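For reference, the chain that follows is the form predicted on its own, supplied as structure tokens.
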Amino acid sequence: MSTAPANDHAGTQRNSAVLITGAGGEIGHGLIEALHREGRRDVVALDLRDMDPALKPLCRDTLVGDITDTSLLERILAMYEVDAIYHLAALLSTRSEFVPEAAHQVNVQGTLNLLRLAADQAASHGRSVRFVFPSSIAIYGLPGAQAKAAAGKVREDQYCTPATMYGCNKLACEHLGRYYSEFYRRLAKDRPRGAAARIDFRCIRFPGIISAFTLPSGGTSDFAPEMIHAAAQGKPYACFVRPDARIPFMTMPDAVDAMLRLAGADAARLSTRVYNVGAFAPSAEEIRGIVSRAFPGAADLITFKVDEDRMGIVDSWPADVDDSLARREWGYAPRHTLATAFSDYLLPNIRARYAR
């Protein structure tokens, strides 16, 4: 399905485009709105489902389809001169553990399809195609809680031994992005020469992302938002991790802003293709304390019932990440601390949601 007029793609002239896959999610929504505010009128949004009607006027085109559908990607290649891709589409962490082979097809093969499209586009119009990719702290694989406590803030080059299919997929895609940017078809005689005709792959390793507007969907990092949403409704919640469980988090608005900042950064300032970002790293008990103070009675409703399998995954992720490279090289600076994430963003919006 497309919002573009029937004759919009007629003739041989292709229109420039920013392609966003997985555009129907909240990060996609935020990117579309931000790009429109910046004056971009050439966003092409792709998702498995039809786009929110409120967002369609902000896009040049909206497409319903699957990133594993190579014929669809070939049509996009024929219709548009893509100069930037935000590749958000993915099968997420918990679901990937139930269907690991399907996760590989979507997360790795789908990304490979997009990288090939970007490479073809760069070669076709002789300009670098910026490829922005959200990775995850799931790529880390610490051997257990004791090692996690000793490791402190983890750098991008440490403990890259994931313990989940989603983490394996994301790490594989990071390496594919670097390969397509720096070594693609390196022995081919007709290989495009010079950075101008290559992919400019840029990747963010996101921590847990907490949203005031999207309901948690059972992800492994969702114990924090699940706790907040349950308390706001006066419902009991049995947290599946230990009280001392700790991973880094950030808010959804800061996640969207980070992607835009990295995409817009001067390439000459970037020393790597993969960057950690974080904002705050509370324990599950600390989150429970904040939620209990915000919602009277929540202290009695929030309990801990540890799921050892899911807890094992959380224990393999860092307690916090070292994001000094992102802060130094492209000005990453989250707006929200733990306190302001609750006071300015989460609590007002979640209260309003359940007051209606």
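In this text, residue numbers run from 1 along the sequence as written. Note that the structure is predicted; figures quoted are calculated from it, not measured.
The form predicted in complex with a small molecule exists for this protein as well; it is not shown, and the discussion that follows is about that form.
Open item on the list: Although the partner isn't part of this model, could you tell me whether F201 comes within 4.5 Å of the small molecule in the predicted complex, counting any heavy atom of the residue?
Closed with: The answer is no: F201 has no heavy atom within 4.5 Å of the small molecule.
Open item on the list: My question is simply whether G219 lines the interface with the small molecule in the predicted complex - judged by any non-hydrogen atom within 4.5 Å.
Closed with: Although the small molecule is absent here, G219 would touch it in the predicted complex, with heavy atoms inside 4.5 Å.
Open item on the list: So, P207 and the small molecule: in the predicted complex, are they within 4.5 Å at any heavy atom pair?
Closed with: The answer is yes: P207 has a heavy atom within 4.5 Å of the small molecule.
- [ ] Verify the contact flag for S93: yes if a non-hydrogen atom of it lies within 4.5 Å of a non-hydrogen atom of the small molecule in the predicted complex, no if not.
- [x] Yes - in the predicted complex, heavy atoms of S93 and the small molecule come within 4.5 Å of each other.
- [ ] Choose from 109 to 117, 135 to 143, 73 to 81, 179 to 187 the stretch whose residues reach within 4.5 Å of the small molecule in the predicted complex, heavy atoms counted.
- [x] Looking at the other structure, the answer is 135 to 143.
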